[in-house]
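Next comes just one chain, in structure tokens: the form predicted on its own.
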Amino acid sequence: MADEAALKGLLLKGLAGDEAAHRTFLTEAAALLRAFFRSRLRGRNEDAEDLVQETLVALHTRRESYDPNYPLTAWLYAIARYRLIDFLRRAKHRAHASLDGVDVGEPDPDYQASDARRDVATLLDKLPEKQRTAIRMVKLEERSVKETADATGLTESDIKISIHRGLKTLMRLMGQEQPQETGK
């Protein structure tokens, strides 16, 4: 596993247009994030893996916001903590919604769309329909896997697999879509 200096070097090379360095950075970051989320979501490895993928997407789409004057891992874990808080908030919201008579899966009004989500939406359009629909409904519209399965006619396993494969495809697509405008 890469240390702080090596990770920072990879990110900075990626920002300068080195696609291989950026892919390596994302791979190394995934290992750190996997340990981070699994230690906090013991026994929920599937949720932890989803959060790893979501955080990698956020790291990719917000990489320009990184200030090299600060430690990279602090920035990385801050994004991971926000993702974890969002996840726990969504889980709590769903639990309360079912108890309070509010429609389960109703979007949290405090949860606004961000620039990263718009970037992700552009990438989502490149996915197969099944994966795109599963990710949009569960990850962006915050519907449960069961609700999404009921709405699409797919099984819950199909939805989970589609999300997992779709997020992996997104990571691969992001590795191929490095900024072309740098230096031009």
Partner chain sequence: MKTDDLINALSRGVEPTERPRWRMNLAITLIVGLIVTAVLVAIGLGVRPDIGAARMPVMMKAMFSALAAAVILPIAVQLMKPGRPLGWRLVAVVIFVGVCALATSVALMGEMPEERWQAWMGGEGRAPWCVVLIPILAAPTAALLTWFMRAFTPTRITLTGAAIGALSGGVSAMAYAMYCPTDSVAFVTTWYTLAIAVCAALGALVGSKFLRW
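Positions refer to the first chain, counted from 1. Keep in mind it's a predicted model, so treat the numbers as computed, not measured.
Below, we refer to the form predicted together with its partner chain, which is not included among the displayed structures.
Per-stretch contact check against its partner chain in the predicted complex, the hit in 39 to 47, 143 to 151, 64 to 72, 127 to 135 (non-hydrogen atom, 4.5 angstroms) = The contacting stretch here is 64 to 72.
Is there a non-hydrogen atom of A58 within 4.5 angstroms of a non-hydrogen atom of its partner chain in the predicted complex?
-> Yes - in the predicted complex, heavy atoms of A58 and its partner chain come within 4.5 Å of each other.
Does V52 reach its partner chain in the predicted complex if we count a contact as any heavy atom within 4.5 Å?
-> Output for V52 is yes: heavy atoms within 4.5 Å of its partner chain.
Do T155 and its partner chain share at least one heavy atom pair within 4.5 Å in the predicted complex?
-> Although its partner chain is absent here, T155 would stay clear of it in the predicted complex, with no heavy atoms inside 4.5 Å.
With the cut-off set at 4.5 Å between non-hydrogen atoms, does L123 touch its partner chain in the predicted complex?
-> Output for L123 is no: heavy atoms all beyond 4.5 Å of its partner chain.
Contacts with its partner chain in the predicted complex, stretch 16 to 46 (heavy atom within 4.5 Å) | A16, G17, D18, E19, H22, R23, L26, T27, A30, R34 sit within 4.5 Å of the partner.
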